[in-house]
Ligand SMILES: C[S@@+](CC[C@H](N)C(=O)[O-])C[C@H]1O[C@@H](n2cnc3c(N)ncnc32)[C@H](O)[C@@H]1O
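Here's a solo chain for you in structure tokens, the form predicted on its own.
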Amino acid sequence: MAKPILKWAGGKRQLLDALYTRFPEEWNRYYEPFVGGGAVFFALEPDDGVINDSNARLMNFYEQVRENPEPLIDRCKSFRPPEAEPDPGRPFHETDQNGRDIDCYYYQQRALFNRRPYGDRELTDDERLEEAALLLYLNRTCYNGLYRENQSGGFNAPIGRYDDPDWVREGRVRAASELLEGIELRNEDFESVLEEIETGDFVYCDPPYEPMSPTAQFTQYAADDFDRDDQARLLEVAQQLDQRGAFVVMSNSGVLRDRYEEAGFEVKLEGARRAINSDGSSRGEVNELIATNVPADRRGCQR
């Protein structure tokens, strides 16, 4: 069985049982336009489908897992512990792109990972493989597994402290590679991904969440925020998919309950703990909504 490889903000592992009771028993093709860490995708293991995310480096990671699992594993095995001295044979062993001092191996690798947003050219195939390996390495060694980008698209999470982090994840990479063989990978706006959906297809949407309060930041994990206009656009598209005869299930923060119910979806709130937050005092249980249009007599995913 395939399992998620990355730790990602808003992961749905703890809500899988609640989601399953609202998923359809059977469907044609599976679509997930905000895949993130893929907890639902890997749990369902669909034979045919499309996964998408607006984060280009994340989707490159899944492409490399699918196409180059063994080179990816080998590259990850070559990395040193995050507290080690920078590698003098690689770029950024003294300062990063912004002139900040590099004092350990982790920050050198972070600078290498940021070649895409701070660079002025397309990455080569080998650089794309390295970027994927670095994403896994940084995800397993950064502070609290927090994937966060600044407004320029640069990954800026600090080093974490772990006794024995596994940044190779060999078994998970191989299992995920097999699962992804039949899956189409995209890095597009969610709306373009959903244009082709037909009757009987299944769509699970887990977008960046609407903030629970004016000061909350659920959209800090990518340079391009998913704002309230995007939230409204997603709900309009979901209504169109419902009219088209597709099965639609959506997750979001509980503050949107009334909006989803007014749009015609059945909504239930579930408590979920959020462990990824740069502010430790903000971690804890929050209300998340699960909205569905799946008829009650057609629910009950057994996968």
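The first residue of the sequence shown is number 1, and the count goes up from there. Since the model is a prediction, treat every value here as computed from it, not as a measurement.
The form predicted together with this ligand exists for this protein as well; it is not shown, and the discussion that follows is about that form.
With this ligand omitted here, the record of contacts in the predicted bound form names 184 to 192 of 72 to 80, 101 to 109, 86 to 94, 184 to 192, defined by a heavy atom within 4.5 Å. If you check this ligand in the predicted bound form, you find no heavy atom from any of 24, 46 and 49 within 4.5 Å. Only one of 206, 201, 210, 131 comes within 4.5 Å of this ligand in the predicted bound form through a heavy atom, and that residue is 206.
Using a 4.5 Å cutoff between non-hydrogen atoms, residue 155 does not count as a contact of this ligand in the predicted bound form. In the predicted bound form, this ligand stays beyond 4.5 Å of every heavy atom belonging to residue 64. Among heavy atoms of residue 294, none comes within 4.5 Å of this ligand in the predicted bound form. In the predicted bound form, none of the heavy atoms of residue 267 sits within 4.5 Å of a heavy atom of this ligand.
Counting a residue when any of its non-hydrogen atoms is within 4.5 Å of this ligand in the predicted bound form, the hits in 26 to 56 run 32, 33, 34, 35, 36, 37, 38, 39, 52, 53, 54, 55.
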